[in-house]
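In the block that follows, a single chain appears as C-alpha coordinates, in the form predicted alone.
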Amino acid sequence: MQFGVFSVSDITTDPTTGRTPSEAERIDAVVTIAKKAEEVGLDVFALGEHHNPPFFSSSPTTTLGYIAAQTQRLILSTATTLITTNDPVKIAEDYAMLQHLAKGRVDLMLGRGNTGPVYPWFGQDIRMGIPLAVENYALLHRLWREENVDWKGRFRTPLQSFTSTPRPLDGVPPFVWHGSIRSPEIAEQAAYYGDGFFHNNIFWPKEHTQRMVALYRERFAHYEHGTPEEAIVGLGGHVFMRRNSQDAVKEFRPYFDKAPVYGNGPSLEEFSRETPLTVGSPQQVIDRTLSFRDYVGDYQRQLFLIDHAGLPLKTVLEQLDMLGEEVVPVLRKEMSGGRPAPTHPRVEQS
(Lines give C-alpha, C1' and ligand atoms only; values in the text may rest on other atoms or scores of the structure.)
Protein backbone atom coordinates (compact mmCIF):
# COMPACT_ATOMS: atom_id res chain seq x y z
CA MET A 1 0.00 0.00 0.00
CA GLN A 2 1.36 3.39 -1.00
CA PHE A 3 0.47 6.70 0.63
CA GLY A 4 1.22 10.15 -0.64
CA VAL A 5 -0.01 13.63 -1.43
CA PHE A 6 -0.95 15.43 -4.61
CA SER A 7 -1.21 19.07 -5.58
CA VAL A 8 -3.49 20.64 -8.16
CA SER A 9 -1.08 23.63 -8.21
CA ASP A 10 -3.64 26.34 -7.55
CA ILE A 11 -2.58 29.88 -6.68
CA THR A 12 -5.35 31.06 -4.38
CA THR A 13 -5.72 34.09 -2.15
CA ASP A 14 -5.61 33.22 1.53
CA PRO A 15 -9.13 34.27 2.64
CA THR A 16 -7.97 34.91 6.20
CA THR A 17 -5.23 37.38 5.26
CA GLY A 18 -6.12 38.56 1.76
CA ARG A 19 -2.63 37.69 0.56
CA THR A 20 -2.04 35.94 -2.75
CA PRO A 21 1.27 34.11 -3.19
CA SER A 22 3.24 34.74 -6.34
CA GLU A 23 3.86 32.04 -8.92
CA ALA A 24 7.47 31.84 -7.73
CA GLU A 25 6.35 31.34 -4.13
CA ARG A 26 3.93 28.55 -5.03
CA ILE A 27 6.49 26.79 -7.23
CA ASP A 28 9.03 26.92 -4.39
CA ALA A 29 6.34 25.76 -1.96
CA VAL A 30 5.43 22.67 -3.98
CA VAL A 31 9.10 21.63 -4.04
CA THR A 32 9.23 22.08 -0.27
CA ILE A 33 6.05 20.02 0.13
CA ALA A 34 7.47 17.16 -1.94
CA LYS A 35 10.72 17.09 0.03
CA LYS A 36 8.77 17.16 3.28
CA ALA A 37 6.61 14.26 2.06
CA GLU A 38 9.73 12.14 1.72
CA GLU A 39 11.07 13.34 5.07
CA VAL A 40 7.93 12.23 6.95
CA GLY A 41 7.92 8.81 5.28
CA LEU A 42 5.31 9.12 2.55
CA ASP A 43 5.73 7.14 -0.67
CA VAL A 44 4.38 9.34 -3.46
CA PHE A 45 4.22 12.97 -4.53
CA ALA A 46 1.97 13.79 -7.50
CA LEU A 47 1.55 17.08 -9.36
CA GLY A 48 -1.27 18.13 -11.66
CA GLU A 49 -1.05 19.73 -15.09
CA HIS A 50 -2.87 22.95 -15.95
CA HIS A 51 -2.46 25.63 -18.58
CA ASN A 52 -4.57 28.42 -17.15
CA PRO A 53 -4.75 30.67 -14.09
CA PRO A 54 -5.11 30.23 -11.16
CA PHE A 55 -2.76 27.24 -11.61
CA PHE A 56 0.99 27.19 -12.22
CA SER A 57 1.89 23.63 -13.19
CA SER A 58 2.07 23.77 -16.98
CA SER A 59 5.21 21.60 -17.10
CA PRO A 60 5.06 18.90 -14.42
CA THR A 61 8.06 17.02 -15.82
CA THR A 62 10.26 20.07 -15.24
CA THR A 63 9.12 20.39 -11.64
CA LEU A 64 9.31 16.65 -10.94
CA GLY A 65 12.78 16.46 -12.47
CA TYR A 66 13.94 19.20 -10.09
CA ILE A 67 12.35 17.35 -7.16
CA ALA A 68 13.96 14.08 -8.27
CA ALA A 69 17.39 15.66 -7.89
CA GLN A 70 16.62 16.55 -4.25
CA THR A 71 14.99 13.30 -3.11
CA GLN A 72 16.12 9.70 -2.80
CA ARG A 73 13.17 7.34 -2.65
CA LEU A 74 9.98 9.35 -3.27
CA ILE A 75 7.92 8.09 -6.24
CA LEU A 76 7.12 11.04 -8.49
CA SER A 77 3.85 11.05 -10.37
CA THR A 78 1.41 13.33 -12.09
CA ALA A 79 -2.17 14.10 -11.19
CA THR A 80 -2.82 14.37 -14.14
CA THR A 81 -0.99 14.35 -17.50
CA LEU A 82 -3.37 15.57 -20.20
CA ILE A 83 -3.55 12.70 -22.68
CA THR A 84 -6.07 14.60 -24.81
CA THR A 85 -4.19 17.81 -25.56
CA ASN A 86 -0.55 16.71 -25.29
CA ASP A 87 1.08 15.00 -28.24
CA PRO A 88 1.64 11.35 -27.24
CA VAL A 89 5.06 11.49 -28.90
CA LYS A 90 6.08 14.30 -26.57
CA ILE A 91 4.63 12.49 -23.55
CA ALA A 92 6.66 9.39 -24.47
CA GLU A 93 9.86 11.42 -24.72
CA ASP A 94 9.38 13.64 -21.68
CA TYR A 95 8.41 10.93 -19.22
CA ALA A 96 11.05 8.49 -20.39
CA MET A 97 13.60 11.24 -19.85
CA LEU A 98 12.21 11.95 -16.38
CA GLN A 99 12.27 8.22 -15.65
CA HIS A 100 16.00 8.09 -16.43
CA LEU A 101 16.79 11.18 -14.37
CA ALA A 102 14.80 9.88 -11.39
CA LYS A 103 16.36 6.39 -11.66
CA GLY A 104 12.96 4.83 -12.19
CA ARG A 105 11.03 6.66 -9.46
CA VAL A 106 8.34 7.78 -11.91
CA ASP A 107 4.84 6.90 -12.92
CA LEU A 108 2.09 9.02 -14.40
CA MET A 109 -1.64 9.46 -14.25
CA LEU A 110 -3.36 10.16 -17.54
CA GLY A 111 -6.55 12.20 -17.67
CA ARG A 112 -8.63 14.60 -19.72
CA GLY A 113 -8.50 17.48 -17.25
CA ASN A 114 -11.40 19.65 -16.15
CA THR A 115 -10.75 22.88 -18.08
CA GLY A 116 -12.74 23.08 -21.30
CA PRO A 117 -10.82 25.93 -23.02
CA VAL A 118 -7.56 23.94 -22.94
CA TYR A 119 -8.76 21.93 -25.94
CA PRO A 120 -8.85 24.77 -28.51
CA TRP A 121 -5.67 26.25 -27.02
CA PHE A 122 -3.92 23.08 -28.15
CA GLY A 123 -5.84 22.69 -31.41
CA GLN A 124 -8.35 20.09 -30.26
CA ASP A 125 -12.13 19.78 -29.91
CA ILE A 126 -13.52 19.07 -26.43
CA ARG A 127 -16.28 17.00 -28.02
CA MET A 128 -13.57 14.55 -29.03
CA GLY A 129 -12.26 14.16 -25.46
CA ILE A 130 -12.90 10.42 -25.13
CA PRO A 131 -11.75 9.47 -28.66
CA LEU A 132 -8.60 11.58 -28.14
CA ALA A 133 -7.87 9.82 -24.84
CA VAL A 134 -8.33 6.39 -26.44
CA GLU A 135 -6.31 7.03 -29.58
CA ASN A 136 -3.50 9.00 -27.98
CA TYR A 137 -2.89 6.37 -25.33
CA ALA A 138 -2.93 3.60 -27.93
CA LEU A 139 -0.04 5.40 -29.61
CA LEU A 140 1.79 6.19 -26.36
CA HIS A 141 1.54 2.55 -25.31
CA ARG A 142 3.19 1.45 -28.55
CA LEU A 143 5.88 4.15 -28.50
CA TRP A 144 7.19 2.84 -25.17
CA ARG A 145 7.16 -0.81 -26.32
CA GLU A 146 8.18 -0.72 -29.98
CA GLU A 147 11.32 0.83 -31.44
CA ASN A 148 10.00 1.38 -34.96
CA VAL A 149 6.42 2.61 -34.97
CA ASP A 150 4.23 3.10 -38.03
CA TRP A 151 1.08 4.98 -37.11
CA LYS A 152 -1.94 6.52 -38.75
CA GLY A 153 -4.85 7.91 -36.75
CA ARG A 154 -7.49 10.63 -36.67
CA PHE A 155 -5.82 13.26 -34.53
CA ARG A 156 -2.16 13.63 -35.49
CA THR A 157 0.06 13.30 -38.52
CA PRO A 158 1.18 9.76 -39.43
CA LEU A 159 4.44 8.26 -38.21
CA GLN A 160 6.77 6.11 -40.27
CA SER A 161 9.46 3.99 -38.59
CA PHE A 162 9.53 6.43 -35.67
CA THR A 163 11.61 5.69 -32.57
CA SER A 164 10.89 7.64 -29.41
CA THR A 165 14.02 8.61 -27.45
CA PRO A 166 15.20 8.01 -24.85
CA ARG A 167 13.86 4.49 -24.58
CA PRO A 168 12.21 3.60 -21.26
CA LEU A 169 14.70 2.84 -18.50
CA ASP A 170 15.71 -0.85 -18.52
CA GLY A 171 13.15 -1.37 -21.28
CA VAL A 172 10.25 -1.00 -18.82
CA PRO A 173 7.85 1.91 -19.42
CA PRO A 174 6.68 4.06 -16.50
CA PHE A 175 3.63 2.62 -14.80
CA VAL A 176 0.42 4.29 -15.98
CA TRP A 177 -2.68 5.15 -13.98
CA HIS A 178 -5.78 6.24 -15.88
CA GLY A 179 -7.46 8.91 -13.81
CA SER A 180 -11.16 9.62 -14.06
CA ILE A 181 -13.90 11.05 -11.91
CA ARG A 182 -16.95 10.30 -14.03
CA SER A 183 -16.14 8.49 -17.31
CA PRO A 184 -16.70 4.71 -17.53
CA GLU A 185 -14.83 4.74 -20.86
CA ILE A 186 -11.62 5.55 -18.99
CA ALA A 187 -12.18 2.74 -16.50
CA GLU A 188 -12.62 0.46 -19.53
CA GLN A 189 -9.40 1.77 -21.07
CA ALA A 190 -7.41 1.11 -17.89
CA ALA A 191 -8.82 -2.40 -17.72
CA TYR A 192 -8.10 -3.16 -21.37
CA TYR A 193 -4.38 -2.46 -20.95
CA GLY A 194 -4.09 -3.91 -17.46
CA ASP A 195 -3.03 -0.50 -16.15
CA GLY A 196 -4.00 1.18 -12.90
CA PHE A 197 -7.29 3.02 -12.38
CA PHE A 198 -7.20 6.10 -10.16
CA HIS A 199 -10.52 7.46 -8.97
CA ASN A 200 -9.95 10.91 -7.52
CA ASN A 201 -13.03 10.74 -5.37
CA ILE A 202 -12.83 14.22 -3.86
CA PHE A 203 -16.13 15.35 -5.43
CA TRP A 204 -18.37 12.31 -5.50
CA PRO A 205 -20.40 10.21 -3.07
CA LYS A 206 -19.13 6.75 -2.28
CA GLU A 207 -21.84 5.06 -4.36
CA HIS A 208 -20.44 6.60 -7.54
CA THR A 209 -16.87 5.66 -6.64
CA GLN A 210 -18.00 2.13 -5.85
CA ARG A 211 -19.65 1.76 -9.28
CA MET A 212 -16.63 3.08 -11.17
CA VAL A 213 -14.13 0.87 -9.35
CA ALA A 214 -16.40 -2.17 -9.66
CA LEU A 215 -16.67 -1.62 -13.42
CA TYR A 216 -12.90 -1.39 -13.73
CA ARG A 217 -12.35 -4.55 -11.66
CA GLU A 218 -14.90 -6.50 -13.69
CA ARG A 219 -13.37 -5.44 -17.01
CA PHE A 220 -9.80 -6.02 -15.76
CA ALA A 221 -10.77 -9.64 -15.17
CA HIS A 222 -12.63 -9.80 -18.50
CA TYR A 223 -9.39 -8.95 -20.32
CA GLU A 224 -7.64 -11.72 -18.36
CA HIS A 225 -5.14 -9.58 -16.50
CA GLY A 226 -6.10 -11.25 -13.22
CA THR A 227 -9.01 -11.56 -10.85
CA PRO A 228 -11.16 -8.53 -10.00
CA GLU A 229 -9.41 -8.40 -6.62
CA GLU A 230 -6.03 -8.14 -8.36
CA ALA A 231 -6.99 -5.02 -10.29
CA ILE A 232 -4.82 -1.99 -9.51
CA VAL A 233 -6.82 0.79 -7.82
CA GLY A 234 -5.86 4.19 -6.44
CA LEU A 235 -8.01 6.74 -4.63
CA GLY A 236 -7.78 10.44 -3.91
CA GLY A 237 -9.05 12.28 -0.88
CA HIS A 238 -8.95 15.71 0.75
CA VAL A 239 -8.10 16.16 4.42
CA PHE A 240 -7.51 18.92 6.92
CA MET A 241 -6.49 18.08 10.48
CA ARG A 242 -6.04 19.59 13.88
CA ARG A 243 -5.76 17.82 17.20
CA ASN A 244 -9.30 18.93 18.04
CA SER A 245 -11.91 18.39 15.34
CA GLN A 246 -13.77 21.61 16.18
CA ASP A 247 -10.54 23.58 15.70
CA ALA A 248 -10.04 21.92 12.31
CA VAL A 249 -13.53 22.85 11.12
CA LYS A 250 -13.22 26.42 12.36
CA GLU A 251 -9.82 26.95 10.74
CA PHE A 252 -10.63 25.27 7.42
CA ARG A 253 -14.09 26.74 6.83
CA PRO A 254 -12.99 30.05 5.23
CA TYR A 255 -10.63 28.15 2.92
CA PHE A 256 -13.38 25.73 1.91
CA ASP A 257 -15.87 28.52 1.29
CA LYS A 258 -13.54 30.27 -1.17
CA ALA A 259 -11.80 27.23 -2.68
CA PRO A 260 -11.59 27.21 -6.51
CA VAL A 261 -13.14 23.74 -6.72
CA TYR A 262 -15.48 23.85 -3.72
CA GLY A 263 -16.45 27.43 -3.04
CA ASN A 264 -19.95 28.92 -3.35
CA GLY A 265 -21.55 25.49 -3.35
CA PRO A 266 -22.72 23.09 -0.63
CA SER A 267 -21.66 23.84 2.92
CA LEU A 268 -18.60 22.26 4.49
CA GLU A 269 -20.84 20.00 6.54
CA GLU A 270 -22.86 18.89 3.49
CA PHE A 271 -19.76 18.26 1.43
CA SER A 272 -18.13 16.29 4.26
CA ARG A 273 -21.21 14.07 4.53
CA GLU A 274 -21.56 13.41 0.81
CA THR A 275 -17.90 13.08 -0.26
CA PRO A 276 -14.64 11.77 1.26
CA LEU A 277 -13.59 15.28 2.36
CA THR A 278 -12.49 14.82 5.98
CA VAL A 279 -11.97 17.83 8.24
CA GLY A 280 -11.23 16.85 11.81
CA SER A 281 -8.76 15.03 14.03
CA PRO A 282 -6.09 12.58 12.83
CA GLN A 283 -8.23 9.74 14.21
CA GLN A 284 -11.17 10.88 12.12
CA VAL A 285 -8.97 10.86 9.02
CA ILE A 286 -7.80 7.34 9.89
CA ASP A 287 -11.35 6.09 10.40
CA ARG A 288 -12.67 7.70 7.23
CA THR A 289 -9.81 6.42 5.08
CA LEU A 290 -10.15 2.89 6.42
CA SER A 291 -13.82 3.01 5.45
CA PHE A 292 -12.92 3.37 1.77
CA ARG A 293 -12.13 -0.34 1.62
CA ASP A 294 -15.73 -1.11 2.57
CA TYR A 295 -16.90 -0.01 -0.88
CA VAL A 296 -13.85 -0.37 -3.18
CA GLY A 297 -12.07 -3.37 -1.64
CA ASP A 298 -8.33 -3.55 -1.03
CA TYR A 299 -6.53 -0.96 -3.09
CA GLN A 300 -2.93 0.05 -3.74
CA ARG A 301 -2.50 3.82 -3.57
CA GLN A 302 -4.03 6.57 -1.43
CA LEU A 303 -3.20 10.19 -2.25
CA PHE A 304 -4.34 13.13 -0.11
CA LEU A 305 -4.88 16.71 -1.24
CA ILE A 306 -3.56 19.00 1.48
CA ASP A 307 -2.31 22.27 -0.11
CA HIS A 308 -5.43 23.54 -1.85
CA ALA A 309 -7.42 26.76 -1.43
CA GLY A 310 -4.76 29.19 -0.25
CA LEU A 311 -3.57 27.35 2.84
CA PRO A 312 -0.23 28.81 3.99
CA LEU A 313 2.85 26.65 3.50
CA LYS A 314 3.40 26.45 7.27
CA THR A 315 -0.06 24.91 7.67
CA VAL A 316 0.53 22.44 4.85
CA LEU A 317 3.78 21.28 6.42
CA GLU A 318 1.93 20.77 9.70
CA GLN A 319 -0.55 18.59 7.84
CA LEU A 320 2.34 16.53 6.48
CA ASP A 321 3.76 16.07 9.98
CA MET A 322 0.42 14.70 11.19
CA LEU A 323 0.10 12.43 8.17
CA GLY A 324 3.59 11.06 8.61
CA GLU A 325 3.61 10.73 12.36
CA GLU A 326 0.04 9.82 13.28
CA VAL A 327 -2.11 8.86 10.31
CA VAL A 328 -0.10 6.88 7.77
CA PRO A 329 1.64 4.55 10.29
CA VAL A 330 -1.78 3.41 11.51
CA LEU A 331 -3.14 3.08 7.98
CA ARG A 332 -0.11 1.01 6.94
CA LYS A 333 -0.66 -1.37 9.83
CA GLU A 334 -4.41 -1.68 9.31
CA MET A 335 -4.15 -2.03 5.53
CA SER A 336 -1.11 -4.30 5.46
CA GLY A 337 -3.14 -7.11 3.93
CA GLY A 338 -3.42 -5.19 0.66
CA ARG A 339 -1.00 -5.75 -2.18
CA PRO A 340 1.74 -3.20 -2.93
CA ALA A 341 1.16 -1.01 -5.94
CA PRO A 342 3.26 -1.84 -8.99
CA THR A 343 6.21 0.43 -9.55
CA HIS A 344 9.19 0.47 -11.85
CA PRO A 345 11.34 -2.62 -11.11
CA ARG A 346 14.31 -0.45 -10.16
CA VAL A 347 12.24 1.06 -7.35
CA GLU A 348 11.16 -2.35 -6.05
CA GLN A 349 14.79 -3.47 -5.90
CA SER A 350 16.07 -0.39 -4.05
Partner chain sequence: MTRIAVVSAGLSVPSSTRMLADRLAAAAVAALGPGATSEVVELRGHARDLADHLVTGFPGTSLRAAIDTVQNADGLIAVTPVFSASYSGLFKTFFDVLDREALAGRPVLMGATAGTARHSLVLEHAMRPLFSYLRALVTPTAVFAASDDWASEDLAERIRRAGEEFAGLVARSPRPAVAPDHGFVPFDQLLAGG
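Computed from a predicted structure; not experimentally measured. Positions refer to the first chain, counted from 1.
The protein also exists as the form predicted in complex with its partner chain; that form is not presented, and the subsequent description refers to it.
- This chain lacks the partner; the member of 221, 89, 97, 130 within 4.5 angstroms of its partner chain in the predicted complex by a non-hydrogen atom is 130.
- Scanning 125, 247, 229, 274 against its partner chain in the predicted complex with a 4.5 Å heavy atom cut-off leaves one residue, 274.
- Contact with its partner chain in the predicted complex, defined as any heavy atom within 4.5 Å, is confined among 163-171, 134-142, 234-242, 67-75 to 134-142.
- Residue 195 falls outside the set of residues with a heavy atom inside 4.5 Å of its partner chain in the predicted complex.
- Interface membership of residue 203, defined by any non-hydrogen atom within 4.5 Å of its partner chain in the predicted complex, is confirmed.
- Taking the partner from the other structure, its partner chain in the predicted complex has no heavy atom within 4.5 Å of any heavy atom of residue 269.
- Shown alone here, residue 152 lies farther than 4.5 Å from its partner chain in the predicted complex, counting heavy atoms only.
- In sequence order, 184, 185, 188, 189, 192, 193 are the residues of 179-198 having a heavy atom within 4.5 Å of its partner chain in the predicted complex; the partner itself is omitted from this view.
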